[in-house]
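Read the single chain below, which is given as structure tokens and is the form predicted on its own.
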Amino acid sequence: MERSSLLDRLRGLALVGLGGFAGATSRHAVAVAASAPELGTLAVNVAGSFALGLLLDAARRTDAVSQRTRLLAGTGFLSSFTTYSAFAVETAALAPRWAVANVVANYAMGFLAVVLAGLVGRWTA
């Protein structure tokens, strides 16, 4: 492997790691501030879905989003900020009625957040 290729890979890993640290720390801050763990998880999943939708829409339609930005913000920050694994664990611990409501809320609101992000991206373009 060439030296420049190895350095590029290490830079990419560092960006993902830095973004992941910031995303996980931000998620923890939201979880601490939330009145219930499920509400904090819902908030980060919806907000993260919206932000990822904006980022990917901008990356798809423009050259304004660099590969480094995608690694730092998308792969690093937003993948650590959102937590569909915590959502699954929390759902399993809920009573059946609340578990169904939690699944519907996370998936419906997350999907709507992505659609809204696409509309916002087109509106601002």
Partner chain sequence: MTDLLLVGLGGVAGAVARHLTATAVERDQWDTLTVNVLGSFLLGALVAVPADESLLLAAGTGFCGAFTTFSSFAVDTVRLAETGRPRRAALNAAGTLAAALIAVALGGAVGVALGSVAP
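Residue numbers count along the first chain shown, from 1. Computed from a prediction, not measured in an experiment: that's the story for all the values here.
FYI, the form predicted together with its partner chain isn't displayed, but the following is about it.
The closest heavy atom approach of A92 to its partner chain in the model of the complex falls within 4.5 Å.
For L52, a non-hydrogen atom is located within 4.5 Å of its partner chain in the model of the complex, even though that partner is not displayed. In the model of the complex, W98 stays away from its partner chain, with no heavy atom inside 4.5 Å. When contacts are judged by a 4.5 Å heavy atom cut-off, R68 does not count as touching its partner chain in the model of the complex. Contacts between stretch 65 to 93 and its partner chain, counted in the model of the complex as any heavy atom lying within 4.5 Å, involve L71, T75, G76, L78, S79, S80, T82, T83, Y84, S85, A86, F87, A88, V89, T91, A92, listed in sequence order.
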